[in-house]
Structure formats: C-alpha cells, structure tokens
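As a starting point, one isolated chain is supplied in structure tokens, in the form predicted on its own.
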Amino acid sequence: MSTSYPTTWRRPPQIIKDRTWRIGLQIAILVYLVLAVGTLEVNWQRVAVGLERGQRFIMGFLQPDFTSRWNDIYRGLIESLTMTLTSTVIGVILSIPVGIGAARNLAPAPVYYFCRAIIAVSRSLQEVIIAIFLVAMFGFGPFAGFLTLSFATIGFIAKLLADDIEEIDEAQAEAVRSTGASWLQLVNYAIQPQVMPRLIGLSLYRLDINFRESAVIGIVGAGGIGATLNTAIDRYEYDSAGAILLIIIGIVMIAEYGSSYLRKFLQ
C-alpha cells in the first residue's frame, strides 16, 4: 500500500485571520516589552562587580580543590545521597495509592477528588518553598530535606501514574471484570501489567530529579551537598565550590546513563 504525500505547501490555520489585527497585536507586544524593560533599574556598578566575581568563580571551577574541604564535601554528599534514595523510595510507595485513587476510572468520586487535591497541593508548591517551611518546623538538617523530597515525589509520581491508569487499554480491564474479579484483582491483573514499566521509568527519573533538588534545598538549610556548596560560596572558596559542582555533575551523569541502561533492560 503506497502512501501519498502532499506536493504543495499549505499555510497552517491562523488564530487571528485579519492582517491588520495581527500587525496591531505584534506592535502592542513590542511596545509592552520595551516599556517593561524600561522599568528595570540596573545597577551597572554592581553588575561590574558581579562580573568580576563571576570570573573568579569560573577560574575556581577550572581549578577545583577537592582536598581542602573534603570532609565537609563527603559528609554533604552522603547526606544528599541518603535523602535522595530514602525520599524516592518512600515517595513512590506513598504515591501508588494516591495515584490509584486519583484515576477516574478506578476510584469513586470522593476518593478521586481527595487524591487529586493532594496531587494539586504537592505540585503547586516548589521544593524550595516546602523546604523553607519544613526547616522552620523541624530545624536545619537532612530530615527537612527528606520530607521535602518525599512530598514532591508524591505529587510527581501520583499525577503521572493516575494519567497512565486513565489511559489504559479498557478491553483488558473489561476482560478481567467479566470473570467476576474483585477490585484488587482488577488492579493486579489488568492495571498493574500495563502501568508497571512506566512506573519504573518514572521512579528512576524522579531519583535523578531528587538528587539535583537535594543540592538546591540544601541552600536553605535542608542539609545535603547544597549546604556545603552554599558555605563554600559564602566564604569565597570558589575552588571548593567548583569541586562540589563537578561532583554533582558527575553523579547526575552516572545516574542518567545508569537509568537509561536499566530502562532498556527492563523493557
């Protein structure tokens, strides 16, 4: 069977068909951007000082110092890896029932709206904001970081898991229902085989995200390598900061290649 392709180019449909209105809208956007940029108050002296500091930081990045603060770097790295692994495992475990409850084709309406509310709250708050709140509650340290990453993982995994469940092949689910299977048997034999590969891939992806986020939330006192990085920058130890960044980049690259290989192996 041969496939025919169009031989002439056709302009895609336009939202605003009147040419005068399109030009007027473009001019209005340009005027708005010019006025918005004009409201910015730029301190060029501070910009010059910042460029000088940036140059010093780049030089420190090119000449990293792994030895001077190695004990602090090692401690922060262990904290970040511990937070990343534990928060991912706990977050994925908790996100499974939330994701199932947030699937419209599995859960009754009250459970559906309750689980969707949990997902909405988790996804509406950025990790740094959650970390600031939890640090104020539980104090500085990795425990606040663990809670932050676990809460963020629930919203991330549960949202995508619920969407996958709603998009399953209903024929397989109806076949299992027709045998008189219970709700748990339906989930186990009709839902789980279809969404499990996707869930494993999302969990590995979230593991990568949690490590990078652990470096960010550490800046606000939630422990991990981010706290060590913030201390090095505050002390103008840019060579140590460069070493920390190189370690973070190296671990993220290892996790990326490792997760890609594992996903191919599982598929």
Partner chain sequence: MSEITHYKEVWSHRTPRTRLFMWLGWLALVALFVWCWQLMTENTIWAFVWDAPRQASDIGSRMWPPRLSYLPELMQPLWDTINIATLGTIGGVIMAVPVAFMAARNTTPSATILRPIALFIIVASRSINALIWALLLVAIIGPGLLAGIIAIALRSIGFVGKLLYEAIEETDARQVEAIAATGASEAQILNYGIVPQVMPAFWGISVFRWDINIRESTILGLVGAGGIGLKLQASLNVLAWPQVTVILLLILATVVFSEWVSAKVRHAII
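Since this is a predicted model, take the numbers as computed values, not measurements. Residue numbers count along the first chain shown, from 1. Think of the rigid core as the biggest set of C-alphas that the two forms share within 1.5 Å after superposition.
Unshown form predicted together with the partner chain; subsequent notes refer to it.
Under a 4.5 angstroms non-hydrogen atom cutoff, the partner chain in the model of the complex has I132 among its neighbouring residues. A residue is said to contact a partner when one of its heavy atoms sits within 4.5 Å of a partner heavy atom; I233 meets this definition for the partner chain in the model of the complex. The closest non-hydrogen atom of T39 lies within 4.5 Å of the partner chain in the model of the complex. The shortest heavy atom separation between W9 and the partner chain in the model of the complex is within 4.5 Å. The partner is not drawn, yet in the model of the complex one stretch among 109 to 117, 162 to 170, 179 to 187, 139 to 147 has residues with heavy atoms inside 4.5 Å of the partner chain: 139 to 147. Contact residues in stretch 213 to 251 (any heavy atom within 4.5 Å of the partner chain, taken in the model of the complex) are E213, A215, V216, I219, V220, L229, N230, I233, Y238, L245, I248, I249.
After superposition on the rigid core, the Cα atom of E52 is displaced by 2 Å or more between this form and the one not shown. Annotation: Cα of L246 displaced by less than 2 Å between this form and the one not shown, core superposition. Once you line up the core between this form and the one not shown, the Cα of L62 stays within less than 2 Å of where it was.
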